[in-house]
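Take a look at this single chain in structure tokens; it is the form predicted alone.
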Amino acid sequence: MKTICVIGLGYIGLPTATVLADSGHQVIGVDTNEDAVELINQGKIHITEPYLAEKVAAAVRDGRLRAQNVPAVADAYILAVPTPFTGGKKADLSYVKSAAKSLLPYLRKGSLVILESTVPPRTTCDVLVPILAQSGLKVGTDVMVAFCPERVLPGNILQELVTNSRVVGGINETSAAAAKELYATFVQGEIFATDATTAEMTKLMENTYRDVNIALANEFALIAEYAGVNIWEAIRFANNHPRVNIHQPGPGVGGHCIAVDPWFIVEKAGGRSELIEKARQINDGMPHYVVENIKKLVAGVAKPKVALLGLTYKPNVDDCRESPSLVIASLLEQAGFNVAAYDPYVKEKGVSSLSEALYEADLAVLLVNHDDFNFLSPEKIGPLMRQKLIYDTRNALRHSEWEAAGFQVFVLGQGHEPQQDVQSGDGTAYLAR
């Protein structure tokens, strides 16, 4: 058993601290948010993640996890603090620097410091190491330093922290070995050891890969609307190819990783990231495209009310970081629309109920396909709305049911050019334009 100090008790830090405690370590969680610290010490949580509340309650009750505002002497320190980007699309490393400086009074010979926050390449070596060297200890000999990025999916974090493989990058082989030994106490997946900068780049590449492929799907959707094609059907057919896996289009890309991390590569690329930058521009442009479509759908309606369904960046979580839904809501409000947004996971940012959002709405826009929205019924919604118009940006609704109930249904990526069935010689029906 070791004493582990986890700096940052957010969406990654708190689950990590909990898994470490569950694995037999003594864990000290550190956060500047006094409310979060108080809640955790009561065995409660300030974020939403399945099964986390029960795990935290058990760890606190058994004395394996406690939270406080400052670090303490420990065998290992894990930095899991935010790394947002600035208005100029540069990484804001102020939280990383502050967390590293907070450790200086507590470091001892044999201490291990691991950075988990997603950062631009060379941050561990060029930013973290010089700060830790201010302790007077020899970094790499007295104090081991490594970078090990998280690789988890919100909504399934506790399981993936344990079962996913990890990449551990040390500033030297001794540091990598020390970090690998710690992760081996709870990680069941394979642990790959490398240098810190390679590990940093690996994390950024993983999320950039997804961003670029989502951008391709979104560009396909724009082309499909122009050409009169149903992109969802086309993707389904294309993905039957054994070497093709096209992602799903949507109203934009959000979250703390995919919408942010590609810019960290751009920052260090020296002008060599044209594809990555273009993908970011396409995905960042989708909220604007959705808003333009909304304007067309309610054109001619005096003082239109638009009901937005879903505010988080992905389904079934309470995380709104970089959410395209928030951008869409803001753009509509700036354009003078009456906007009523509802999200079952984020009550403080929208109206209190689905019926309130939909009451006398001229258009309902599905932005996030939460499981709660699977139960949307045209029979129940129809009487609430002023006009029966719905815009499905996720292709998540059973459109035929809504159309049978008198709704006009519009789908992102589905062209509406008039089509005519043409019979081939063998009786097969083809669509002619």
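Numbers follow the displayed sequence, beginning with 1. Computed from a predicted structure; not experimentally measured.
One more form of this protein, predicted together with a small molecule, exists but is not displayed; see below.
- Contact here is defined as any heavy atom lying within 4.5 Å of the small molecule in the model of the complex, and by that definition not a single one of 25, 115 and 195 is a contact residue.
- In plain terms, the part of the chain that comes close to the small molecule in the model of the complex, with a heavy atom within 4.5 Å, is 313-321 out of 339-347, 294-302, 313-321, 168-176.
- Contact check for residue 231: no non-hydrogen atom falls within 4.5 Å of the small molecule in the model of the complex.
- Among heavy atoms of residue 148, none comes within 4.5 Å of the small molecule in the model of the complex.
- Mapping the unseen interface onto this chain, residue 370 falls outside it, with no heavy atom inside 4.5 Å of the small molecule in the model of the complex.
- With a 4.5 Å cutoff on heavy atoms, residue 394 counts as touching the small molecule in the model of the complex.
- Only one of 142, 219, 206, 181 comes within 4.5 Å of the small molecule in the model of the complex through a heavy atom, and that residue is 206.
- When the small molecule is considered in the model of the complex, only one residue from 247, 97, 288, 268 comes within 4.5 Å through any heavy atom, namely 247.
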